[in-house]
Structure formats: structure tokens, C-alpha cells
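First, one chain by itself in C-alpha cells, the form predicted alone.
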Amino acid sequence: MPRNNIERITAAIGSSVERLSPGKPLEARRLLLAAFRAYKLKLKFLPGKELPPSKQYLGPISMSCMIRPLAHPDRQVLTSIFTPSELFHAMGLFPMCAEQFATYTNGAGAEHIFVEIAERAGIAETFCSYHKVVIGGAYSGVLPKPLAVVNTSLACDANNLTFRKASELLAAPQYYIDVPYNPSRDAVEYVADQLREMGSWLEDLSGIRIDEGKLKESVQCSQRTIRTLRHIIPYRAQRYVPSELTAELYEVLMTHNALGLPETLKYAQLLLKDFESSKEQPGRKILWMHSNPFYQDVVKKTFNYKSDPWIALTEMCYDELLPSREEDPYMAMAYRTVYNSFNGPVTRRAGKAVRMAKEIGADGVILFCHWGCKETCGGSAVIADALEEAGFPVLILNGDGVDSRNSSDGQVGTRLGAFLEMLGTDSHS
């Protein structure tokens, strides 16, 4: 379908959702769900021709991860991106990541109304726009009442406030997983005990018994996926596989809340095949940190399907790739959560960024400071200093991953262009 037709359809959907949401939330929800289902079909039968098999497979299964919880709220668990989800999968429950809901709503051209509803209700303009969309969805009723709300203390204040507010607005019970700041064996055991307790809590809430065999299979599937994705990392230092900003965000979802699903393992295996059959490219390799403005034209024109420059690795597709030797599934999930680079002081994340940049031989790093993300914006200087000391040029790029009104094509285009021009004359590689 021509791009201008897609844009017209998206604008029409967004306009209708904005009109319906304040007074007719059920109709707005049905429209969003219909749009997501239609887009899944588009991705399945008319995928981007430039995309390799792995990325063509990735789009439809990622859409399913949004459609299932929205269509079946009685089995939905509204959760945070850093919450291990294998337990949900083993119970036949559908995790819906809050950031995922906000991002997909932007994809439907409908995020503005939810931001406005949240701000009219007293949520600060400077609050994270991902979370404003979720809170606005809850206030309006477009976001349905889930079976439960489950989140961890990772990785920001907005995360902790949003899920508490969503639980209150949606009249849904909340379970909070406290993750110790400093990683240790005791911290892993502490989180594992909370996950076991959460399982019993979910059993009572849902009436579904946990099949420990299925849970173990789901965690083993996660471990196989993680090992496969880690095996790909050396290829990223030399070989180019076509991608796009949206596909990078799909992969973030698959490496977090969709870990443990057979579809995620299949994606990892397909991606490995694509890298194995790809060719070396001389283009400038970028490590992209944090979320990305996947909708912004100037950024899409710079990176989508481009081999120079190309995003060799997205940070948030890497933070969960922590293989564990733990036999107990609860300990394995807890280990991945406690040792996540987003847990603890920003110096831990900075050190991980340096290791990532070295592993892929990055020519430069783009640190995207998303609107309202106090942790990333506040820690950006520390991260940049660590990377530059290690010899990697850094661009701190301000923008908004969800609310398009907070983005400036002119400013972003000028800064991106200048940074990439500098890399072309003074490449790290």
C-alpha cells in the first residue's frame, strides 16, 4: 500500500479515536483493536520488501502481543517492560507492557488525546509521555480493566507512580516486585521469593493453577533465545541486516515481555540465519541507546533500510541478554531482573554501554533522551563521559518517543547530520 494511503488511514483512525475517547471509550477501544488487527494483516501479507525474513516475521507476532491482551482484558496483566513474564505465559495470561500500549497508540495516530486527558487530570506536562498515554487511557476507559497490574521497581520514578495510579483508576489489584539496588545472590533469592508469591497471588486471582512444567519450559525457552541472540552479537560488528526504527522497538518487546514464547525463539533463530547469510558492510555503525522516535520522518530517512549509517545494536535489545545457570525458573527470572543494567546507579548502565560499543565496534553512539525520562536525561552526561573516555563519539539527542508534538524535525535533522558528518571524517573504526 502506498505510504500516503497509509498516512491518510492512520490520520483518520487517530481523529476518530480522539473524537470517541472522552465519551465513548468502548467504541474507541474497538476502533484501536480493529486498526491493530488490520495492521497485523498488512505486516503479514504485505511486509516491507527491504526487510529480511526475520524482520518480516517479527512484525505480525509483535502485533499479536498487543492484540491479545487488549482483546481479552480478563486475561490481561498490565505490566512494566522490566517485569519477567514467563509466569504469565505459563498460565495463559497476556502481559501488556505499558510502553507498548503507548507506542502502538502512536502508531495508530491516537496518542495525543490520552496525553491531553492525563494532563487535564493533573498529570504534569513534564511527566514521561509513555506513561501519560497509559494514565490517559485509564482515565478515559479506553484502556480496559485488566485482571491485574504487576510491575517492578525498575527503572524509574514514573514507572512506580504510573502503575499505582493505573491500579487505582482501573480498580485492578496490583503486585509490586521490589528489586534491590545492588545485585547479589541474596538479592536474587529475595526477588525469586517475590515471584513465587506473585504466582500464588495470580492463582487466587485468576483461578488458574500454575503448571510448573510449563513454567520451566517457558524459562528454558527464554534461555535458548538469550543464547541465540548473544551468538549474533559478533556478527553485528561486521555485517548489515536491513532494519527500521519500528522493527528495533518490536525487538525490544520480544526481548522483554515476550521472552519465553516459542515465537520469540523462532525470531532469534531467523535473525541468526539472516546475519549468517549477510555480507560485511563498510558503513558507519551506531549504538542506539534508549527508545527511539520511530515515527519521526527525519530519523526514519536517516536509518530505515540504510547500510550507512546503520543501527548495529539498540541498547534495550541487549539489557536482558543475561544467560543464567539457575535450574530453578524463579531464580533464573530473578537473576535476569536483578542484574539488568537498568537496575542500580547510572554508572552500571554506562559501563554496559561501553562494553556494547566495543563488542560491535561502534563508530558512534546516539543517546536518545526521551521527554520526561528523568533517569536517562539526568544520567546522560555520565554515560556520555564514559563512552567518550573509551573513544566513542556520542550524540545526546533530545526528543519524544511517543508524543509527536514534542519533536522538532529541523533541530533533530541538523544535529543528526552534523554528528554523522563528523563520524564520516573521524570514524572510530
Partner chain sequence: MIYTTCKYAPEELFAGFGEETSRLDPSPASFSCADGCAHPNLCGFAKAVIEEVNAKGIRSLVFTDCCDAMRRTFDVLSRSDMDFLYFLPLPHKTGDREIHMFAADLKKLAEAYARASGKTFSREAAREACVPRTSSKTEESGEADPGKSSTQEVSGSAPSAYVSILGAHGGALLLEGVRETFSGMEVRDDTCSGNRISMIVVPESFPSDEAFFSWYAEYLLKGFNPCMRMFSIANRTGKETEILNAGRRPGNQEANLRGIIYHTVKFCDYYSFEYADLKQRTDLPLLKIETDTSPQSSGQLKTRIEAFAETLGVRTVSTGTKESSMLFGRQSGKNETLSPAAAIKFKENADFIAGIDSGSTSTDVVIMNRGRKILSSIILPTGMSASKSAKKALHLALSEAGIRESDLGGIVATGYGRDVLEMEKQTVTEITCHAKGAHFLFPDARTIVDIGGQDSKVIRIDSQGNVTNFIMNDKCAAGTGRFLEMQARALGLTMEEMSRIGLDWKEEVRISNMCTVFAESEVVSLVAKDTPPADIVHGLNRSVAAKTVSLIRRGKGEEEYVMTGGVSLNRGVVQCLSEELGAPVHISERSQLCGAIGAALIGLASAPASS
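Quick caveat, the model's predicted, so the values are computed rather than measured. Numbering follows the first chain given and starts at 1.
Another form, the form predicted together with the partner chain, is not on view; read the next lines as being about it.
Asks: Is there any non-hydrogen atom of E168 lying within 4.5 Å of the partner chain in the predicted bound form?
Replies: Result yes; E168 sits at the interface with the partner chain in the predicted bound form.
Asks: Give a yes or no for T414: in the predicted bound form, does one of its heavy atoms lie within 4.5 Å of a heavy atom belonging to the partner chain?
Replies: No, T414 is distant from the partner.
Asks: Using 4.5 Å between non-hydrogen atoms, is D385 touching the partner chain in the predicted bound form?
Replies: So D385 counts as contacting the partner chain.
Asks: Indicate whether the partner chain has at least one heavy atom within 4.5 Å of a heavy atom of S54 in the predicted bound form.
Replies: No, S54 sits far enough from the partner chain in the predicted bound form that none of its heavy atoms falls within 4.5 Å.
Asks: Quick check on this chain: which one of P393, G379, G48, P60 has a heavy atom within 4.5 Å of the partner chain in the predicted bound form?
Replies: Contact residue from the list: G379.
Asks: Quick one: from E212, D204, E327, E125, grab the residue that has a heavy atom within 4.5 Å of the partner chain in the predicted bound form.
Replies: Selected residue: E125.
Asks: Look at the stretches 84-92, 256-264, 115-123, 350-358 and give the one with heavy atoms within 4.5 Å of the partner chain in the predicted bound form.
Replies: That would be stretch 115-123.
Asks: Counting heavy atoms only and using a 4.5 Å cut-off, do I67, T228 and P323 all touch the partner chain in the predicted bound form?
Replies: Not a single residue of the candidate spot has a heavy atom within 4.5 Å of the partner chain in the predicted bound form.
Asks: Heavy atoms within 4.5 Å of the partner chain in the predicted bound form is the criterion; list the residues of 398-417 that meet it.
Replies: Result: N398, S404, R405, N406, S407, S408, Q411.
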